[in-house]
Ligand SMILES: Nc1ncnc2c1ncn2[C@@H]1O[C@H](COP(=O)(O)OP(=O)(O)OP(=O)(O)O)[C@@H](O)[C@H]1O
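The chain below stands alone, shown as structure tokens; this is the form predicted on its own.
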């Protein structure tokens, strides 16, 4: 399948002011590469602060005014310019946002999902929402109901690219699985779905590939099937993430993810890695293909 979305060497910095009003640029994403193919779910996994949501905002062109973006973003093989993304956003490219504040507090829920009453009835049934929810305002919804409403807005859009940013928190296991099955159905029908998630265990049951983020960059992109065994994975951080899944021992990795503004040279995971050498800290580690996956590690095999 061809790539609907392709992100190459993306870097995002924010202009901030320190004490004494000294201005500096804080880089939060660097040399990030990721692609989403037609007909697949790409799950983007990683700890908080790894750049997952910022990637979504960069693609959609909704970063704040003090952000500077470098690199290339392509949609359908063509550059995704500021002008172009404005015309596609909400139509061909749909967002299921992480924050429930994306709903208009002054508009009833039904109108925010669709003006087509028959389509609304169908999607409400799909997400186990009573029809009277259409006449409610967002503040009248529970957290789980709001999440389902946000998912519904993307489902009815008919978008070719759906970016789902943590779509299942607050849902029961049954409803979370139901939501994931809907995303799977959309992908099977030809859409490209980028699923940003902390719940790697849930994602593995539905995703085709997993992109693993660490400290604002991609360290590995692997097939979901590679997560069946640690030996199939390539990057030391991905293996640590695998070991942290409850059924794999729930083992925490020593150390912590570095903060933006205090990133180490070279491989960002090097300070926590048992395999590190002088080469690991002497420059940018570029992605390479290993056993069918992409990995940023000199010693992955």
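Predicted model only: the values in this text are computed from it and were never measured. Positions refer to the first chain, counted from 1.
Form predicted in complex with this ligand: not shown, discussed below.
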item: Residue among 69, 263, 240, 28 with a heavy atom within 4.5 Å of this ligand in the model of the complex; value: 28
item: Contact residue in the model of the complex, from 53, 35, 248, 38 (heavy atom within 4.5 Å of this ligand); value: 53
item: This ligand contact at residue 49 in the model of the complex, heavy atom, 4.5 Å; value: yes
item: Touches this ligand in the model of the complex: residue 254 (any heavy atom, 4.5 Å); value: no
item: In the model of the complex, residue 208 touching this ligand (heavy atom, 4.5 Å); value: no
item: Heavy atom of residue 84 within 4.5 Å of this ligand in the model of the complex; value: no
item: Sequence-ordered list of residues in 146-168 near this ligand in the model of the complex, where near means a heavy atom within 4.5 Å; value: 166
